[in-house]
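Take a look at this single chain, the form predicted alone, given in structure tokens.
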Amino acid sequence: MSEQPAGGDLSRLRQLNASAVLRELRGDQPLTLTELSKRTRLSRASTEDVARDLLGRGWLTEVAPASGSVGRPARRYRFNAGAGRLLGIDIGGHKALALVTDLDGEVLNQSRIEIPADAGRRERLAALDRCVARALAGTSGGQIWATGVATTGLVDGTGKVMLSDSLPEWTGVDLGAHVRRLVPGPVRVENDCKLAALAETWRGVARYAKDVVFLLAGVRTGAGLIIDGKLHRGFANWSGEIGALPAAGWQQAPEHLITWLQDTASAVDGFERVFVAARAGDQGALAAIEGYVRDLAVGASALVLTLDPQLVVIGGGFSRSADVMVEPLRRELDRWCLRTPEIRVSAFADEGVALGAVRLALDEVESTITTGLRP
């Protein structure tokens, strides 16, 4: 990185230098000025100047010298994850979930409220308000630096839901504007499947993969795509919506499970009944799951054949029962795909979407570092 100001823009140069230093300090280990200078390719004097400035603004913290060092120990620095807070919100068909984290994404507080599937717009937004208020208990408003919000449906750049066919009265909700009335700082809104995929590449099972197809498997099926290490949104932010094509099989996939549930009584509630019965060897339950997976695999195969991903990740509510889904899915992908990618199961279950919303908020914070918008 050049340290010579272009066109005399010293302010912009300092922003770029600060961004480079912060980027290197986002790892697990603290670094000395010498190490920072080598990694950023800045001079020692410039590195020290940037570190002093970031310390003063709270972005960095100085770490105690390593034990056993000889002579005057070199000062070491790390990113100050406690300088601010992030808020991630998942507002879905059955719940509202809010996570408050530090700037490294470590969860400090969370709140969850169940929502009836047939809840209208007002009831769902009221549940979101209560969920956010509980999550923020003990956190001052000024501590929240940015908020990410995940929702079903297609979302535009302002945070408005353009289309949602799974939540009653949800099309047209200006979710960004609503959340901005609840919390300070910037608010970004994105589709839940996309954010679940983002969570997997950030802190999940796909964090070392560059090309990923994420399958949100649950009452509703969706997909998120990671291409060359980045979330793929598409021209109009509609990427991954292959489920809109009836031939893809995703619209009718849950019907296999629903039919079995309607014909069977059990002490276990909800869709988990099917998976519990399948593990116990119930042939009807096994057939229902195979039918579900067969339909799921049609759209999944189309995505795999198009993108040739390194991984297919299964997430969402059904991922808790992926032990009875993975092998049938692999067999179906083997039928249709030229190469079947490795299939991994998310460890986040239905919390991955909210974690992806946290990552979206962190993206906003990191962009302000680059542009120098925060004081």
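Numbers for residues come from their place in the sequence shown, where the first is 1. Fair warning: this is a prediction, and the values are worked out from it, not measured in the lab.
Just so it is clear, the following notes concern the form predicted together with another copy of the chain, a form of the same protein that is not shown.
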Listed residue (G172, G270, G281, G234) with a non-hydrogen atom within 4.5 angstroms of another copy of the chain in the model of the complex: G234
Contact residue in the model of the complex, from G240, G204, G185, G92 (heavy atom within 4.5 Å of another copy of the chain): G240
Triple contact flag I115, C131 and G176 to another copy of the chain in the model of the complex, non-hydrogen atom at 4.5 angstroms: no
Among 52-60, 32-40, 338-346, 321-329, the region lying within 4.5 Å of another copy of the chain in the model of the complex by heavy atom distance: 338-346
L154, heavy atom within 4.5 angstroms of another copy of the chain in the model of the complex: yes
is_contact(A96, another copy of the chain) in the model of the complex, heavy atom dist at most 4.5 Å: no
Another copy of the chain contact in the model of the complex: V298, any heavy atom under 4.5 Å: yes
is_contact(D104, another copy of the chain) in the model of the complex, heavy atom dist at most 4.5 Å: no
Neighbours of another copy of the chain in the model of the complex among 303-317 [non-hydrogen atom within 4.5 angstroms]: L303, L305, T306, L307, D308, P309, Q310
